[in-house]
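Just the one chain here, the form predicted alone, laid out as structure tokens.
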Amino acid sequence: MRIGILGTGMVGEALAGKCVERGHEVMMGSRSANSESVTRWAERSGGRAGAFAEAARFGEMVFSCLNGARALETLQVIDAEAVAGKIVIDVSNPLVPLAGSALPSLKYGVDNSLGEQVQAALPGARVVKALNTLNCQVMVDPGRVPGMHHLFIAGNDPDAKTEVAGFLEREFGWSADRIIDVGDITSARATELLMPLWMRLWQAAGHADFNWHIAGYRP
């Protein structure tokens, strides 16, 4: 499968690297196809380098791993028609600095979410919010955390969510019983709101190899 990765940070690199390892054709997109970070990644991994718009066109499936606070601004450079009908997995959290705190806050609250905004910006895309509630290394290797633990997915298209769940199981090792469908794209409000608590736990634990376990949950 051809996969487009929007974003060159830790999350983008982790997802892109795993997808290359699993035999997919991957293009990582940055503001410029010649940016140092994306060029270095392509040379190191055997993947392809491109601008954001190129990566969006290239991918049959697209991961949005953008800086959440500026994601909508970045998505403006993408032709919405280039992702029409495609699954776009929004992995980002809309984090913004919080005055007087070492930890960031969220740009959106209980009545909005980045996931919803991405769907509105790309109305023809099949947006699924996923993988935004855990560390990027655990995203691609759930075995880093012992025992049962869960992922949450949200989106308006049931078939897209089924496809994403299957991809996460085949390629990243997330078995079906670990993936909880929490509803339509408005449910991204709830999953994004987990991030402030996640960051507190990360600060207290001193490491990021942990995840959520929903005890007693039965779909």
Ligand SMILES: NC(=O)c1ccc[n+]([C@@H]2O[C@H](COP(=O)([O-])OP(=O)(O)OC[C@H]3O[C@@H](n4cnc5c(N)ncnc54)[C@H](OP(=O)(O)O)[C@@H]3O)[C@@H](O)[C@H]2O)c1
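Predicted model only: the values in this text are computed from it and were never measured. Numbering starts at 1 and follows the sequence shown.
Omitted from view is the form predicted in complex with the ligand, to which the following refers.
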item: Contact residue in the predicted bound form, chosen from 186, 45, 39, 67 - any heavy atom within 4.5 Å of the ligand; value: 67
item: Contact residue in the predicted bound form, from 78, 125, 128, 131 (heavy atom within 4.5 Å of the ligand); value: 131
item: Three-residue site 7, 31 and 52 fully in contact with the ligand in the predicted bound form at 4.5 Å by heavy atom; value: yes
item: Contact label in the predicted bound form: residue 117 to the ligand, heavy atom within 4.5 Å; value: no
item: Exercise: residue 11 in contact with the ligand in the predicted bound form, heavy atom 4.5 Å; value: yes
item: Contact test in the predicted bound form: residue 136 vs the ligand, heavy atoms, 4.5 Å; value: yes
item: Exercise: residue 95 in contact with the ligand in the predicted bound form, heavy atom 4.5 Å; value: yes
item: Per-stretch contact check against the ligand in the predicted bound form, the hit in 117-125, 80-88, 144-152, 67-75 (non-hydrogen atom, 4.5 angstroms); value: 67-75
